[in-house]
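Quick setup: one chain, the form predicted on its own, written in structure tokens, and binding and motion questions come after.
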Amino acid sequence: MITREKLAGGLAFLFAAAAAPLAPEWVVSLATIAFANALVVLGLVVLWRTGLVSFGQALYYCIGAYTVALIVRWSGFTDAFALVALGGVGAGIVAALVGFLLARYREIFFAMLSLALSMILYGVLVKTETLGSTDGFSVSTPSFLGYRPHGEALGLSLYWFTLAIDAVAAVLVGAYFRSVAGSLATPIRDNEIRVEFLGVSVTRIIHTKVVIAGVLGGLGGALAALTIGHVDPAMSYWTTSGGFVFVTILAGAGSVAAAFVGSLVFEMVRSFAVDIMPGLWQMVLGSVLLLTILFLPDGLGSLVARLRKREEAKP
């Protein structure tokens, strides 16, 4: 069934795709990074609905990026479709393995353990010279099923490619939220013991959510690596994970679309803050987060719910 929200989301994606050729090159590049990172935020939303906050999503983001970079570097294979898929699979495998551990913990223990795993990867990458150590290494220009664009055409191709993956991810995650496992997120957050009494394994559901968030993080990292053309250990550092949590708070867990809007708003605010006030841009981001918590505690996604309530209240 096509709802008003689905129709609005589809039109928004079509508008974003159609407007790209008319936008400046720097806007397209910024939007590509924002929409790539939005996949990581979407994974955090999947966890957040269950009451879990991960400060280590940079682990999967970095694995996805390095998977792409290493395949290109060692094999010369550059097809973007296969590379991004392999980045997501690689991150998903790691998430499935660490999920056996993470699914046993809740609240601050879940957050800190995920952060520790991310920092372990950071330490390994920094100490490994064959992986570029602190400098990382570059990623060659990708191809698209044999098509090898350059210059402005490359930027547009990466943007449309990222947008298409975002659209597929949004549809699949939306379907997951409407499934039985997705619908149990709030009951698990409120009282998981009662859910266990229903015969449902909460640990297994949380493990699944960790894997979903890991795959989304890997896809985001793979797209970011192709867009930036470079990978380095900072992709797994705690500040990277903190940025994703920042955007999740800004977006809220109310809707799938909020993850993409919040990520785009964050990148725009950060870019303009760095350009206008290079010495105070962190303060600007902190102020935005403070205002969001004070006036929109449920994030930007809650604006849609508020407008809907106002329409229903009208005679």
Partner chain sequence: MSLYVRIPFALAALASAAAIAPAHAQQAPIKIGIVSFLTGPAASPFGIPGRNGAEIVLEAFNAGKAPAPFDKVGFGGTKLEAKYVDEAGSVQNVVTEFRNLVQRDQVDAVVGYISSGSCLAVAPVADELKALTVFYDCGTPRIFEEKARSYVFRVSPHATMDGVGAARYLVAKKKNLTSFSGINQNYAWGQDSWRDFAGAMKVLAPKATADKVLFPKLFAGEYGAEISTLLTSKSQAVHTSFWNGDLESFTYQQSARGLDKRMTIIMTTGEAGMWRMRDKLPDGTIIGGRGANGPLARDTDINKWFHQIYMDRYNTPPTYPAYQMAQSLLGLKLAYEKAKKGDAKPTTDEIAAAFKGIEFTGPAGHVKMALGNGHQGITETAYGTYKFNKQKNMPEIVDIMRFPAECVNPPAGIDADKWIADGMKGAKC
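Since the model is a prediction, treat every value here as computed from it, not as a measurement. Positions refer to the first chain, counted from 1.
Missing here is the form predicted together with its partner chain; even so, the following discussion is about that form.
Look at the candidate spot formed by M268, F272 and Q282 and say whether its partner chain comes within 4.5 Å of a heavy atom in all three of them in the predicted bound form. Per the other structure, all of M268, F272 and Q282 touch its partner chain.
4.5 Å heavy atom contact, I33 to its partner chain in the predicted bound form: Result yes; I33 sits at the interface with its partner chain in the predicted bound form.
Considering non-hydrogen atoms and a 4.5 Å limit, does its partner chain approach T203 in the predicted bound form? T203: no, not in contact with its partner chain in the predicted bound form.
Considering non-hydrogen atoms and a 4.5 Å limit, does its partner chain approach G76 in the predicted bound form? No - in the predicted bound form, heavy atoms of G76 and its partner chain never come within 4.5 Å of each other.
Taking its partner chain as it sits in the predicted bound form, is A85 in contact with it (heavy atom to heavy atom, 4.5 Å or less)? No, A85 stays farther than 4.5 Å from its partner chain in the predicted bound form.
Just one of 148 to 156, 166 to 174, 206 to 214, 89 to 97 has heavy atoms within 4.5 Å of its partner chain in the predicted bound form; which? Checking each option against the 4.5 Å cut-off leaves 148 to 156.
Among W160, F137, W238, F144, which has at least one heavy atom within 4.5 Å of its partner chain in the predicted bound form? By the 4.5 Å criterion, the partner-contacting residue is F137.
Between 116 to 137 and its partner chain in the predicted bound form, list the residues on our side with a heavy atom within 4.5 Å. Result: V126, K127, E129, G132, S133, T134, D135, G136, F137.
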